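Just the one chain here, laid out as structure tokens, in the form predicted alone.
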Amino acid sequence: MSVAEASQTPLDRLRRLGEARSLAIIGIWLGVLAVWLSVPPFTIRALVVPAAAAVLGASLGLWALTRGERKLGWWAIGVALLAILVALWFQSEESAELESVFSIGLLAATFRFAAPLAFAAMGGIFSERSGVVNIGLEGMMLAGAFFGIVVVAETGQWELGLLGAMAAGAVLALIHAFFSIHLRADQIISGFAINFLALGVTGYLFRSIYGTRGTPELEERIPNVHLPLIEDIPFFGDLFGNLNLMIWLMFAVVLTSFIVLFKTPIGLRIRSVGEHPKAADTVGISVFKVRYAAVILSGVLAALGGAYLSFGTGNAFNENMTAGRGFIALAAVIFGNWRPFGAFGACLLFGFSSALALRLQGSPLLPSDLASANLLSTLPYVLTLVVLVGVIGRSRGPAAAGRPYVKQ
């Protein structure tokens, strides 16, 4: 350590590290920009332009490395190198082939894939902010998908279907809350038990009720919202003019979650119970009541994501149709540092990867054989692993998460 560095106060070193971290993040976004410039609507055919953005991003990452920000610095450099390779690949492809993949439909599909993840992620944030780890989001989504579509099939009302899905998610969440809060069971084991319970119950009832013919054709499903004033606006009209009602509800849930958690006394109670339950109990806050309410709310929100899968974006139920989305939502919670907007950004990232993988499967940019299709289908899960590796050591969850509270 040099004399100048030794003479710095801890506050100076912290400020210096914060500056390096900010520049490294800018470097990462410059790498993303380098790829974006090579695809529609820009489709810049001169390699020097995206290459310049990537080189600048790598330079910022290298500068961050010299200032002590190693993880984000290496991320900026890695993203820049990958961006140059991808830009080189796109330069060799025809513009029409790129437009078949990178169009406004890709962004609309991103919202569709991100919606169920965002509902479950918001539920996970409420639960973990109160101090209860909810690994059972996957099972609660699956229960919401099945029981919601059963109610719709029997009543013909999608509104009642949403209520049925929410009730199913709330029941499973109540079971998880009882074992985790009152019986002080291991929350991870309890959550996995909920997942297996939901998988077994929905699979058994699905085969018992519908047999091999599957769920019947629904007369009603969650409708799209048409916005006449926006539909005629270029780009925005194609993206926002005809979205499903659940996607708009997703936006509202994310915004409301942030307001409730960080701008209201209720949110302060939830966060205090998740950080210092003994102190919260001392000032008269009921730790058990707050945790029960937060966990049940997480089940309701996760079930809404499942309902969107079965009779929102889809029109049928299949066994294990959530396919690990609850665990991806948990990864989004960690990546977003247990904050609604951060988790929503992660859900958009995972949704984009799912939409991109689906579009690449039928595009001329890649071989159309079965092996390529199977490999592309793993893209969201590989991205989940990469993101989790990248944030390990940087994210700090609520201090009391996963620890049962014993009232004194």
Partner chain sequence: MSDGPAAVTPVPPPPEPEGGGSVSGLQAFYDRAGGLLVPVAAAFLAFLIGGIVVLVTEKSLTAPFEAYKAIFEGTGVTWFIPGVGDTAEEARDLQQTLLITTPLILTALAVAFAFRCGMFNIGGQGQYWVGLLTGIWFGTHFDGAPMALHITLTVVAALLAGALWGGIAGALKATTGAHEVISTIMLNWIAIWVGKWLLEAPDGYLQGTDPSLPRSNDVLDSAKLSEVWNWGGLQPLHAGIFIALFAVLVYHLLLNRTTLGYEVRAVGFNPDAAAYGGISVKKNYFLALAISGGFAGLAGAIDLLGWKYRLTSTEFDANLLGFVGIAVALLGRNKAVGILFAAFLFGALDVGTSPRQLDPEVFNPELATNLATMIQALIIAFVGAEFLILYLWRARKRVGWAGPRRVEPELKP
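Only the largest set of C-alpha atoms that superpose within 1.5 Å between the two forms is called the rigid core. Numbering follows the first chain given and starts at 1. Just so it is clear, the structure is predicted and the values come from calculations on it, not from any experiment.
Missing here is the form predicted together with the partner chain; even so, the following discussion is about that form.
Chemist: With the partner absent here, would 203, 212 and 381 each sit within 4.5 Å of the partner chain in the model of the complex, counting heavy atoms only?
Modeler: Every listed residue reaches the partner chain in the model of the complex, so yes.
Chemist: Examine residue 375 and determine whether its closest non-hydrogen atom to the partner chain in the model of the complex is within 4.5 angstroms.
Modeler: Yes, contact at 4.5 Å.
Chemist: When the contact criterion is heavy atoms within 4.5 Å, does residue 183 count as touching the partner chain in the model of the complex?
Modeler: Because a heavy atom of residue 183 falls inside 4.5 Å of the partner chain in the model of the complex, the answer is yes.
Chemist: Check whether residue 192 has any heavy atom within 4.5 Å of a heavy atom of the partner chain in the model of the complex, and answer yes or no.
Modeler: It does: once the partner chain is placed as it appears in the model of the complex, residue 192 has a heavy atom within 4.5 Å of it.
Chemist: Hey, in the model of the complex, does residue 106 get a heavy atom within 4.5 angstroms of the partner chain?
Modeler: No - in the model of the complex, heavy atoms of residue 106 and the partner chain never come within 4.5 Å of each other.
Chemist: Let me know the one among 196, 251, 236, 89 whose heavy atoms come within 4.5 Å of the partner chain in the model of the complex, would you?
Modeler: The residue from 196, 251, 236, 89 that makes the contact is 196.
Chemist: Here the chain is shown alone; which of 231, 319, 220, 93 has a heavy atom within 4.5 Å of the partner chain in the model of the complex?
Modeler: Looking at the other structure, the residue within range turns out to be 319.
Chemist: Which single stretch, out of 319 to 327, 106 to 114, 239 to 247, 142 to 150, brings residue heavy atoms within 4.5 Å of the partner chain in the model of the complex?
Modeler: Of the stretches listed, the one contacting the partner is 319 to 327.
Chemist: What residues of 244 to 270, in sequence order, lie within 4.5 Å of the partner chain in the model of the complex by heavy atom?
Modeler: Nothing in the stretch sits within 4.5 Å of the partner.
Chemist: After the core is overlaid between the shown form and the other one, has the C-alpha of residue 348 moved by 2 angstroms or more?
Modeler: No, the C-alpha moves less than 2 Å.
Chemist: With a shift of at least 3 angstroms, figure out whether the C-alpha spacing between residue 323 and residue 381 grows or shrinks in the model of the complex: closer or farther?
Modeler: The answer is farther, because the C-alphas of residue 323 and residue 381 separate from each other in the model of the complex by 3 Å or more.
Chemist: Closer or farther: how do the Cα atoms of residue 381 and residue 316 compare in the model of the complex relative to this form, given a change of at least 3 Å?
Modeler: Relative to the shown form, the pair is farther apart.
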